[in-house]
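Below you will find one chain, with nothing else, as structure tokens; this is the form predicted on its own, and questions on how it binds or moves follow later.
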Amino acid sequence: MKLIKIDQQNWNTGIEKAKSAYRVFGPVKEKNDYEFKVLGTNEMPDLNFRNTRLSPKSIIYPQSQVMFTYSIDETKDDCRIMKEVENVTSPMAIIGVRPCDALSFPIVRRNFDTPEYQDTYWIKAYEATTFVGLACNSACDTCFCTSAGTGPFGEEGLDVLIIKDGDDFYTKIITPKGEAFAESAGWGKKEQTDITAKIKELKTAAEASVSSTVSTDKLKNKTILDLYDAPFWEEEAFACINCGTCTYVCPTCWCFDVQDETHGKSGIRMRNWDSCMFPLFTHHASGHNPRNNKYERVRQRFMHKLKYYVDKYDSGIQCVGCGRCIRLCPVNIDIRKICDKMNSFDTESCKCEATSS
């Protein structure tokens, strides 16, 4: 790992240089919020933000993605033959990725890159991308990243970590991909160990600013059916309006639907983000819906993130503690509250209460 100190001028010059080798994405202010977009010539990432409204997952995993094209024109030799669309996988760099969002990519990779199944669209885009993180000097009041396997200065999933201190940028080069990006930006200077103490000081202060925590230590040992039948699901789901906001803003939600769209005699097969919060998500062609009730859909979301994923991968929860679903839920459903309820749920106490009543 190499440490480099960069001033504001060299930072701007370096970002501009890197654009000759990478498609560079960064946070840009849009109205009252920030979004990740391709940076144009002389356009710099705006780092004056706590967190973006949407995570950068859509750069790797677009909200809508055309996979195949086809024709139903009987006069053509390729009639009804699916032709794969070649997706652009030229080198990309995402600048300003918060450590919580960076952790989401290794989490999602466990689903999209397995020995049994590889999602080539996701993998190619992921492997073509260099992740340049931005440490959080102070946390949002809804963040609980330190309970979710990372922290304000977390490095997992990153190739470079930037720590901003006034007009200076302390740069940690973490991987060979990060080294290549630094060289393309002209930042390939020798290590400056004199900034180590300052980085440690900033990290300690940032971690102390995380005021929100959740307990997850007992989730692994809970019985699935006990949590599934827990008495609090209808109460927790009461206010939900099934809008799907929580799933669309979540950096670790990966569900999608595949649809064919035909216009005239040509068509496309595409995949689009989907949500377990939508009634149609599990609607069968027969008309049956195994999750017909709202509380069943809410239960599915939290059981997947906090129990099914935990049991399947034994790598923590399927959540990075970014707090987006808390901030943006229109009816104030709070994953921290539900996680604590699941973690502390006592089956025996419930049985005793049911017997006594």
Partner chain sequence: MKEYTEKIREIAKRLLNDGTVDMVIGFRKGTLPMMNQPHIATCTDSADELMWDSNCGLNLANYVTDRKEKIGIVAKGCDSRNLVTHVIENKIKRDQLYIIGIPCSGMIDHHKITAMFDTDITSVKESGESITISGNDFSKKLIKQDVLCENCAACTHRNPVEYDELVADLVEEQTDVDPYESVTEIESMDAEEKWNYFEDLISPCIRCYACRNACPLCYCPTCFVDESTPQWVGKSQDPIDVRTFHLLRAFHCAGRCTDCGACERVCPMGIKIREFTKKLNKDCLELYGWEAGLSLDERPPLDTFKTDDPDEFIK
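Fair warning: this is a prediction, and the values are worked out from it, not measured in the lab. Numbering follows the first chain given and starts at 1.
Quick note: we don't show the form predicted in complex with the partner chain, though the next part is all about it.
Original post:
Non-hydrogen atoms within 4.5 angstroms of the partner chain in the model of the complex: do I15, A18 and I163 all have one?
Top reply: No, none of the three is in contact.
**OP:** Tell me, please, which stretch of 88-96, 236-244, 146-154, 128-136 lies within 4.5 angstroms of the partner chain in the model of the complex when heavy atoms are compared?
**Re:** After filtering at 4.5 Å, what remains is 236-244.
**OP:** Please run the contact check for A197 against the partner chain in the model of the complex: heavy atoms, 4.5 angstroms, yes or no?
**Re:** No.
Subject >> Distance check, D229 to the partner chain in the model of the complex, heavy atom within 4.5 Å >> reply: No.
Original post:
Does any heavy atom of H288 come within 4.5 Å of a heavy atom of the partner chain in the model of the complex?
Top reply: Looking in the model of the complex, residue contacts with the partner chain do not include H288, since no heavy atom lies within 4.5 Å.
Original post:
Would N272 count as touching the partner chain in the model of the complex under a 4.5 Å heavy atom rule?
Top reply: N272: contacts the partner chain in the model of the complex.
Subject >> Position in contact with the partner chain when the complex is considered in the model of the complex, options I59, L328, M303, V310, heavy atoms within 4.5 Å >> reply: Of I59, L328, M303, V310, the residue with a heavy atom within 4.5 Å of the partner chain in the model of the complex is L328.
Subject >> Contact residue in the model of the complex, chosen from Q259, Q192, S215, Q118 - any heavy atom within 4.5 Å of the partner chain >> reply: When the partner chain is considered in the model of the complex, the option within 4.5 Å is Q259.
Original post:
For the stretch 123-141, which residues lie within 4.5 Å of the partner chain in the model of the complex by non-hydrogen atom distance?
Top reply: Stretch hits, in order: A139, C140, D141.
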